[in-house]
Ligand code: NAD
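Form predicted on its own, single chain, as structure tokens, below.
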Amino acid sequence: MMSDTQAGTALFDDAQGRLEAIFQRLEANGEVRRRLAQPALSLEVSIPLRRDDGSLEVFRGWRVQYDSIRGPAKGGIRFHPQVDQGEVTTLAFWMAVKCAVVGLPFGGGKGGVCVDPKTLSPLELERLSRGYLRAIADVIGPDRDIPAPDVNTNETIMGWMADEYAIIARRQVPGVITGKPLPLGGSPGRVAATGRGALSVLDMWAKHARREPGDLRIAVQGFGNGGYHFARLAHARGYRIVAIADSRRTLHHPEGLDPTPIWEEKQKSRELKGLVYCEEAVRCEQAGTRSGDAEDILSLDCDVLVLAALENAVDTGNVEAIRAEVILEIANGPVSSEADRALESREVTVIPDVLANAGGVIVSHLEWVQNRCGEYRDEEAVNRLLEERLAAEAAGVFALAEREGVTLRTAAYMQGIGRLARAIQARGNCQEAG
């Protein structure tokens, strides 16, 4: 079994391994390849935390700025016990590609702390969040690197971090962090943006493939923020959500599930259950729902498998079990490169993460712009701008895939890496740093 550090390094090597074919198709020169082979900045920090009982514990954290050619680095902060430098570096690389795919003036960044936040009290979590911000404060800022929420972080944590940065700077700097609470300059629509954007891309694929929402059965792996909001909005749009899974359990009903009551019950009990067991006073609209192990969702008979958990959820060990004809990637890197090739050989369509999950960073860009100009939009306007940008950029990816006869992932990478390559080349031959 690999250590966490080895796993993070393997993840980065796997991500980089996808680039050679892209570089060849783009005829990118050696300078572009060398610039994108490693991060521009990688910072490791120690974060002392005074526990509620008076004891001291020290946690490891990272902030990586992979590339800032097209603008300040942009990327989330995750709190997870398996976070390491290799994983954060890979995520920062994917962010650089993603921002270029959808045409945002950002580079790629990412941050993380190796911690299980479920073991912390609310006050300990706030102290850790503020401590991490203090440790990275010198390398972030609205013109340099703009963090946001990621796995196990949310708008409350972003609010604490934005407040800590304001204390350090001795002034309000709302544009330093996105995904903040609305009273601190957050944007309406940001919480649901990743799920909404993924649904928008799926809608475009369905229209392109001449498929109707009501005819598509969807299974959702990962029932956090992105997975839930996607499932909720897809259900409202008329798609049939036949299965939902978290890290412990799969719920399956061939006639369809309503994600909202399941989500509400999970917020109360911390378990994936609710209106599906018909116990005591619980309503029985969803009688017939079956419960199974978490990994069962990968082998279910469905049309669209949504991967909204963590990276490498599908690898060579389980790819043969997949029965879906389409995979929609809401998580970052949920399909390994070898599994990706196996899916391609079986003609399974993969709608890639660097396009499908870009809704969050698109609305983060809108929040950043609003913070800087001091004028704020309502949720309807934010959602409209999100869907307009995704429609334009996804159309470019679909057209490129057809024109070149390549997968959607290859087309998305060609679009993103091509923009990065042109920006690198446009900066001239004497530029050595930055």
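Don't overthink the numbering: it's just position in the shown sequence, from 1. These figures come from a predicted structure and were not determined experimentally.
In what follows, reference is made to the form predicted together with the ligand, a form of this protein that is not presented.
*Asks:* Heavy atom within 4.5 Å of the ligand in the model of the complex: which of 178, 129, 194, 90?
*Replies:* For this set of options, the contacting one is 194.
*Asks:* Pick from 115, 343, 326, 331: which has a non-hydrogen atom within 4.5 Å of the ligand in the model of the complex?
*Replies:* Selected option: 331.
*Asks:* In the model of the complex, do 219, 257 and 289 all put a heavy atom within 4.5 Å of the ligand?
*Replies:* Result no, not one residue of the spot touches the ligand.
*Asks:* Please run the contact check for residue 245 against the ligand in the model of the complex: heavy atoms, 4.5 angstroms, yes or no?
*Replies:* Looking in the model of the complex, residue contacts with the ligand include residue 245, since a heavy atom lies within 4.5 Å.
*Asks:* Answer for residue 74 alone: is it within 4.5 Å of the ligand in the model of the complex, judged on heavy atom distances?
*Replies:* Because no heavy atom of residue 74 falls inside 4.5 Å of the ligand in the model of the complex, the answer is no.
*Asks:* Does any heavy atom of residue 137 come within 4.5 Å of a heavy atom of the ligand in the model of the complex?
*Replies:* Contact with the ligand, no.
*Asks:* Does the ligand come within 4.5 Å of any heavy atom of residue 294 in the model of the complex?
*Replies:* Yes, residue 294 lies within 4.5 Å of the ligand in the model of the complex.
*Asks:* So if I measure heavy atom distances to the ligand in the model of the complex, which of the stretches 163 to 171, 143 to 151, 314 to 322, 206 to 214 falls within 4.5 Å?
*Replies:* Of the stretches listed, the one contacting the partner is 143 to 151.
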